[in-house]
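Single chain ahead, written as structure tokens, the form predicted on its own.
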Amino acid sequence: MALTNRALLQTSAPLLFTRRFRGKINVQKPRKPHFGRQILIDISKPFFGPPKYMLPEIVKCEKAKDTFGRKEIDNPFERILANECLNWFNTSKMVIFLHVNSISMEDQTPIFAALKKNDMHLRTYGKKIVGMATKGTRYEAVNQLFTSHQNIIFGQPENAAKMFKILKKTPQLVIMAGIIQDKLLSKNDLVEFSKLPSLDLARSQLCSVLQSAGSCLVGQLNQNQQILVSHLEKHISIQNSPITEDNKADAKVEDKTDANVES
């Protein structure tokens, strides 16, 4: 075998070629497969749904698919927190909504203590808890301010100036809006409200203004009478004194002034 391999030249390509079809394959109009193969092709044929541009937006949203058909679980602890939140809304005449930036608990603890010392309470509630608490109440409009967990300050309106003074030390806590005596106010309105004097001071200022106006009116009403009385007293004193040329001149002046007062 070795001798034959040396004597004969070895071919680089095989002498026999296998072909599946004798003629050319018609790509444009291929021949139909037999019945068994056609069944296999029909079974394994992929199914493509309608294109995306024909689908509604709710079907294309992957998040909606995850939440669609999910049952809401009744959590008793959430109902307890919602009742507590609604109680804070009903008992507090000042409610301040804060936007919280990145802040550590170590920096937030002194603020919490300072607010509590001034009869203000800082609480953290999520959007779901606030929605459960304010649903069907007059505070339902505040749900637009919540996107996630946010801080809320509950207190009384007379402590608004102290609250701004405390929050000035922490720029991470930003005031968005607030409710004072059942009125929703912006941050600028809250700043103006904090600069107003207290109720007792405003009452004392009003009383002083009313008293000054009343005393001024009484003085104006009694002015003519006082002038008339002073002139009469002087006229009597002149009549009782001995008559001189100076007294006559004074009497004439007094008669003229009396006539002017009477007119």
Partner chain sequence: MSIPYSGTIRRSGGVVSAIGKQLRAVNLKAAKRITVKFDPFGDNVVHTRNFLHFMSSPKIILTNPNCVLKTEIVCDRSEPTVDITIVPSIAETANIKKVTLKSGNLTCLELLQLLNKHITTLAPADQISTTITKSEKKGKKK
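A quick note: this is a predicted structure, and the numbers were derived from the prediction, not measured. Numbering follows the first chain given and starts at 1.
Absent from the display: the form predicted together with its partner chain. The rest refers to it.
Contact with its partner chain in the model of the complex, defined as any heavy atom within 4.5 Å, is confined among 88 to 96, 115 to 123, 72 to 80, 173 to 181 to 173 to 181. Comment: its partner chain is not present in this chain, but in the model of the complex one of Gln156, Ser186, Thr109, Thr137 has a heavy atom within 4.5 Å of it, namely Ser186.
With the partner omitted here, the residue from Ala160, Ile129, Ile166, Leu145 that has a non-hydrogen atom within 4.5 angstroms of its partner chain in the model of the complex is Leu145. Using a 4.5 Å cutoff between non-hydrogen atoms, Val191 does not count as a contact of its partner chain in the model of the complex.
Site residues Cys207, Ser215 and Gln226 are none of them in contact with its partner chain in the model of the complex, judged by any heavy atom within 4.5 Å.
Contacts to its partner chain in the model of the complex (heavy atom within 4.5 Å) from stretch 97 to 117: His99, Val100, Asn101, Ser102.
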